[in-house]
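This document opens with one chain alone, in C-alpha cells, the form predicted alone.
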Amino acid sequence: MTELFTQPIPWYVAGPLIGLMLPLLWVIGNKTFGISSSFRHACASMVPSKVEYFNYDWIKEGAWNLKLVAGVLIGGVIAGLTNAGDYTVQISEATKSELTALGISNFTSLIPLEIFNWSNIVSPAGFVLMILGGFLVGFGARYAGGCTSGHAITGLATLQKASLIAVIGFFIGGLITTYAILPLILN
C-alpha cells in the first residue's frame, strides 16, 4: 500500500483526478483552482493596508486558497522525504541529448543540479537571476490574472477566452526561454 504513495502517479490517473477536482471545488463552495492568487491573500492577511488591491475580506475569499497552498507544501515535503534518493527523472533520450549539449548532464535529481546549486545561487549572477526571475513570474501571474494552473486548468475548463490567450502566452514564453534565454544563461 505504501508503494502507491511512493511512486509517481501516471498522467492518465493524475490528469482525470485534477479534472474531477474542478467540479468538486465548484460544488463545495464555488471555488476555482489556482495558486498564484494566494500571494495576494497572504499579503492582505499580513499587511494592514489602505491599498485597494489588498483591502478585501481575505478570510472569506482566500483562506481556503492559503490552506490549499499549505497542503501543497506539506505534501511536497512528505513526498521529498519519503522518496529521497531513489527517484529518477524520466525524460526522453532526445531531451537528454539536447540538455547535455547545453551543459546539463546530471539527471539524478528533480532539478538540474548544474543550475540549482548553492554556489550558483549565492553568486551575484545567480542571485540577480533568482530575484529577477521571481519578480517576472510574480508580476506575470498577477498581470495575467492567474498562473498556469489557474488559466490552464480552471480557465480552459470553463472556456474562458482570456485563459486561452494566457496559456498561448505561457507556451510562447516557455519556448523563448528554452531555446533563446536558457542557452545564453548556461553559456
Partner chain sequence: MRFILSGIVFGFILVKSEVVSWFRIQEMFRFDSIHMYGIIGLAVVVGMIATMFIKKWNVKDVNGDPISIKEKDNSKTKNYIIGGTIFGLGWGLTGACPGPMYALIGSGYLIFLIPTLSAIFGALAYGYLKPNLPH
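Rigid core (definition): largest C-alpha set, two forms, superposition within 1.5 Å. Because the structure is predicted, anything quoted here is derived from the model rather than measured. Numbering follows the first chain given and starts at 1.
Another form exists, predicted in complex with the partner chain; not displayed. Remarks below refer to it.
At the 4.5 Å threshold, heavy atoms of Pro124 stay clear of the partner chain in the predicted bound form, well away from it. Ile59 falls outside the set of residues with a heavy atom inside 4.5 Å of the partner chain in the predicted bound form. In the predicted bound form, no heavy atom of Leu184 sits within 4.5 Å of the partner chain. Interface residue remark: Asn30 is counted as part of the site for the partner chain in the predicted bound form, having a heavy atom within 4.5 Å.
For the partner-free chain shown, Ala94, Thr95, Glu98, Leu99, Leu102, Ile104, Asn106, Phe107, Ser109, Leu110, Ile111, Pro112, Leu113, Phe116, Asn117, Trp118, Ile121, Val128, Leu129, Met130, Ile131 of 94-132 come within 4.5 angstroms of the partner chain in the predicted bound form, judged by any non-hydrogen atom. If you fit the rigid core between this form and the one not shown, you'll see the Cα of Ala141 move by less than 2 angstroms.
Once both forms are fitted on their core, the CA shift for Ala70 between this form and the one not shown remains under 2 Å.
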